[in-house]
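This document opens with one chain alone, in structure tokens, the form predicted alone.
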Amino acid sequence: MTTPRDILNQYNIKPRKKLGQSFLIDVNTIKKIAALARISSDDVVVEIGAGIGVLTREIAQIAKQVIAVEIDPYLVKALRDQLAFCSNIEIYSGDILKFDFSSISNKYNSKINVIGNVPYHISSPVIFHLLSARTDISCFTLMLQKEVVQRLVSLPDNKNYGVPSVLLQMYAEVERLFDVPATCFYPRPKVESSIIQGTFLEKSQVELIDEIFFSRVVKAAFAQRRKMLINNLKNAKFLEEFSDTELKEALDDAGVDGKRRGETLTLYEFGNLSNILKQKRQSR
């Protein structure tokens, strides 16, 4: 059996620091990810950061179609060589942050299952890119930095709870599956990784009048974590048309004490507060 290290040696692949490359070389972990990724024989899978194709091969044994996305041209050459025998794999050479999920979803008339080992430096941009394409994506199973996963799955009243937690959980059910030690990678990173899995919902957890406005309210609430919610809202430029009294009235209508911190609000409270503020703006 050809191991990940064999492939790295065969193509004389040297990890590129600029791209944050760290190759998963533990075969058991690779198989575990593929087994837990909820892939069916009808699935169209987009793999983020296909690398040397070891996970790609596992996925392709189950899925109907795999689109392996890789930004490194040298790795793309290795992928084409390694996966030439797989008729259900399409290799996309390019940046995942510019990847058009809707075109793939339309092409195959199917929602997409997203899987991947995401470089640490683009973790947040990738999550927000998936959020923007959520109507074309059914679910995702991603390897991210452990601390990032802790933030994404965190609940209120926790230091890890913040903007990413609220925005992702408003539109998806998420859970942390398992941790992956640094020893499973080459080169060995200085941090540990975790696997997060999520399913995008047909409707947001709270019916929102304006999703962009909701996002801005959430970001304002966490602008300065140690400040009271009312003070963060007062300092938000997009809410400057509201007087202090009007902001307090909106908080009272939402049943939220303005002296609380943003990190204590539930998804429902954020959604409800956003809707009330939006309604007040529309009625002005």
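Note that residue numbering begins at 1 and tracks the sequence as displayed. This one's a predicted model, so the numbers in the text were calculated from it and none came from an experiment.
Just so you know, the form predicted together with a small molecule exists too; it's not on screen, but the next bit is about it.
Of the candidate stretches 45-53, 230-238, 254-262, 211-219, only 45-53 contains residues with a heavy atom within 4.5 Å of the small molecule in the predicted complex. Contact check for residue 156: no non-hydrogen atom falls within 4.5 Å of the small molecule in the predicted complex. In the predicted complex, the small molecule lies farther than 4.5 Å from every heavy atom of residue 11.
Put simply, residue 94 is close to the small molecule in the predicted complex: some heavy atom of it is within 4.5 Å. For the chain shown alone, residue 122 is a contact residue for the small molecule in the predicted complex, at least one non-hydrogen atom being within 4.5 angstroms. Annotation: in the predicted complex, residues 34, 39 and 89 none come within 4.5 Å of the small molecule through any heavy atom. Think of it this way: in the predicted complex, the small molecule has a heavy atom of just one of 133, 206, 180, 71 within 4.5 Å, and the residue is 71. Checking 117, 197, 169, 113 for any heavy atom within 4.5 Å of the small molecule in the predicted complex turns up a single hit: 117.
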